[in-house]
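Single chain ahead, written as structure tokens, the form predicted on its own.
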């Protein structure tokens, strides 16, 4: 079974609540689920926003198709006019008097519950599963609300039963599956990775990370702060990391613009900090509620000067659970800032995932714990690996200076005089870390050899994985973006008949990046108008 349902209506009509509730029902029945919402940057209005849910009895990674879907649930006439031509089955006021039934039980807004009842009839879903979900959804807000919605559900189910014959049979498939968004995966993964401090200023599409952590973080000993702006947020995170806890911040393009100078500070004082950079359409305010992958070059070089750092882009939502552990481990082992690069499609989509606590491994690097002799301690000691002994504040004798100016091994500023030998030695020491970091970066996931190889990074991997299963094409999907790992992946890619790089940006930034490293890119498939690729688009364009 592979079923795609699009629920559409105006923002404020309960489209998201309906979509998320339905996704939860399917997940509890044991199905694989993916949910994606398209919406505008207004609280109410936009009559054709939609929530698209794909449910299957096999593993899926994406929302599937744009151009056709199985069921349209239209909550208003504009939504009906916009999408009815793409749907096999339609549920609207014309089929079931949803508004009338809802109004009869107290409030027209409950027509989304009536729509779910009609959908249950159409897909052969036992309405008691919806009733259980309603009690979960509204239980805390009052039994009266839940009972009113259940009354609507019962009446609408009876009305729809006379209008629809079941076109499917959706029953219990297996044990309940864990359903979460990409942002929730990153937040939970960070907690499991030992993060103890998170500071962020709200900005879509990074805000859901902050929302989850604000609610759940303190229960796990995580201090969560919303400061006055992004500059304060990253500097707070750097301060917390300097003090010895795992710390992170999160933002989107314009917010990260403000963080650049502090990002360079973290690199210069060799303080481990993690930044969750969630992309949306730019430049400037751009497309605040739509996705894009156009900040790749910015992530490669966000601050002025040269310095070591790392960039990791989880490819599917389940991978978002474990990517923070890798980011924090690299940050602490090599005392560098690390970017986890995602986008709106990743942070806001829902997916069923396998959560395995045993997969989390915390590596804090070499920390000086024994008392040290202050006169001998060199925080920025020149070493073969470039990694210097790090003593946390409070370590006896471990006092040292942290300064954004160039400094010597003890941290003393050297800029009051010209000492090129010190600058040369310190700069080389820091940059040597990149060699060791590259050894920890994993090569791309490569499937198939010799034919067409579709190449992607980050969230574009999700629709490509679904398309590749259908079309049997080769794939090369990158998670670890900078520094790139060193193995035979370039030769394997160049052995393909055609290398096609697929990205959600205008220039083909990753294609340029790979070309500069010897990959023979044959073609670029690009999209930059605010939505992720779909399987039907890939079928046509690849």
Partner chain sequence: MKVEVSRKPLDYAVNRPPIWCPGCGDYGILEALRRALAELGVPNEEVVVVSGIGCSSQLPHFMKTYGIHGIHGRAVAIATGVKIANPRLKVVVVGGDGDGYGIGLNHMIHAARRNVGLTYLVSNNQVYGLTTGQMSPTTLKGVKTKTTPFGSLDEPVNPLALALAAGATYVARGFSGDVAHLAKLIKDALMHRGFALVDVLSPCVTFNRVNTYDWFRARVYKLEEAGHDPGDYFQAYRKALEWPTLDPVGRIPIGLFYRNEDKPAYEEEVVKLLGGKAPIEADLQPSAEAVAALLKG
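Since the structure is predicted, the reported quantities are computational estimates derived from the model, not experimental observations. Numbering follows the first chain given and starts at 1.
This protein has a second form, the form predicted in complex with its partner chain, left out of what is shown; the following refers to that one.
Using a 4.5 Å cutoff between non-hydrogen atoms, residue 403 counts as a contact of its partner chain in the predicted complex. The shortest heavy atom separation between residue 388 and its partner chain in the predicted complex exceeds 4.5 Å. When its partner chain is considered in the predicted complex, residue 220 lines it closely, a heavy atom lying within 4.5 Å. Under a 4.5 angstroms non-hydrogen atom cutoff, its partner chain in the predicted complex has residue 364 among its neighbouring residues. The stretch in contact with its partner chain in the predicted complex, judged by heavy atoms within 4.5 Å, is 406-414, chosen from 406-414, 104-112, 153-161, 333-341.
Taking a 4.5 Å heavy atom cutoff to its partner chain in the predicted complex, the contact residue among 71, 452, 437, 225 is 225. A heavy atom within 4.5 Å of its partner chain in the predicted complex is found for exactly one of 419, 431, 392, 82: 392. Taking the partner from elsewhere, every residue among 188, 243 and 374 has a non-hydrogen atom within 4.5 angstroms of its partner chain in the predicted complex. In the predicted complex, its partner chain lies within 4.5 angstroms of at least one heavy atom of each of the following residues of 179-217: 188, 191, 192, 194, 196, 197, 212, 216, in sequence order.
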